[in-house]
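Just one chain follows, in the form predicted alone, and it is written as structure tokens.
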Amino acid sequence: MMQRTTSDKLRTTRRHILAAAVAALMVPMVASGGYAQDKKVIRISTPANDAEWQAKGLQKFKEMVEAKAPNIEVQIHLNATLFDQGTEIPAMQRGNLEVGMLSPQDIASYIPEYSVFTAGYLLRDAEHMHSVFDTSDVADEYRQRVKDDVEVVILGTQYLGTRHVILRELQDVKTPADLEGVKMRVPGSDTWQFLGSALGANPTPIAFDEVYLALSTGTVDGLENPIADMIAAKFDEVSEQLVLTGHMVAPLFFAMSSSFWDSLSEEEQAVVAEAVAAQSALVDEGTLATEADGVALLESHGMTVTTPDLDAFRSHVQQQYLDSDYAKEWPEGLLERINAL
């Protein structure tokens, strides 16, 4: 019998190593009857930063979904790092994004008659907001139309807060006329710009992640925003006054691409729906709690908080909408149905 050489031994060792590696690769196939499937990925895009309740709610959503559906991975992209605010819908329609945190203003860009939901002083409070968008026949019609026309599914509504006017420098503001010439930051859509004009200001579209710098340099004179977001974004560091106009109760929709939603199994849809409900509840509770203490907190930081003539603001803003081209497209009777809820 021939003695094995060192090179023969090395070749044998290599064959053993290769065989072991192949066997290891085959384990998932043997165990499951096929190769292990890749996880389904839910990408979420939002302009929110990690200090906002919205971001905290999304983290809860991620934890719940991944715990109950291990085959799903949730990726949260904050600070508009994945898609700019206002560009989420086309990204979802293209299949480049699974979830966008949308406003009624985003929807109105695709369904003009639904600009009624962007009107100032429309919703009374968080409870009324949920009635309109979650539990009424108005909600059923709205969600179905959005799915049919925009190709996204609204899975939940959360209370983003009540929006007020924030000013870089102190100003005596009693009526909308006192905001004439004020460069007010608003998001980029036409409906947001109309709101800025209805408030009496000069609307100036700027991305949310640029607002802090714009305020600090005087590029804008102010903005309109909820108190909770203002605190999270530290706008009090570059602003002197909060004017409690309360001009809009702001909803935010957890919206998913219709095609992705339909690709989920019934069990996966149930897990996602449960996590969305928990996410929305956390955001609601956190936002309301922050608002309850927010004025006192901002005053302790040196901000001046004032209350204008709310009747003057409400009547002026509402009349601006009723006289606009937007109102001509509103479905007959819808405004009355919203008010009656």
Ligand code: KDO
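Note that residue numbering follows the sequence shown and begins at 1. Being a predicted model, the structure only gives us computed values, none of them experimental.
We do not show the form predicted in complex with the named molecule, though everything after this point is about it.
> Is there a heavy atom of residue 192 no more than 4.5 Å from a heavy atom of the named molecule in the model of the complex?
Flag for residue 192 set to yes.
> Consider residue 46 of the chain shown here, and say whether it contacts the named molecule in the model of the complex, taking contact as heavy atoms within 4.5 Å.
Flag for residue 46 set to yes.
> Please determine whether residue 208 contacts the named molecule in the model of the complex, using a 4.5 Å cut-off between heavy atoms.
Close contact exists here: in the model of the complex, residue 208 approaches the named molecule to within 4.5 Å, heavy atoms only.
> Could you confirm whether residue 185 comes within 4.5 Å of the named molecule in the model of the complex, counting heavy atoms only?
Yes, residue 185 is a contact residue.
> Only one of 131, 118, 225, 241 gets a heavy atom within 4.5 Å of the named molecule in the model of the complex. Which one?
In short, 225.
> Heavy atom within 4.5 Å of the named molecule in the model of the complex: which of 167, 92, 107, 160?
By the 4.5 Å criterion, the partner-contacting residue is 160.
> Heavy atoms within 4.5 Å of the named molecule in the model of the complex: which stretch among 275-283, 51-59, 289-297, 306-314?
Result of the contact check: 51-59.
> Counting only non-hydrogen atoms and a 4.5 Å cut-off, give the residues of 94-112 close to the named molecule in the model of the complex.
Counting only heavy atoms within 4.5 Å of the named molecule in the model of the complex, the single contacting residue of 94-112 is 103.
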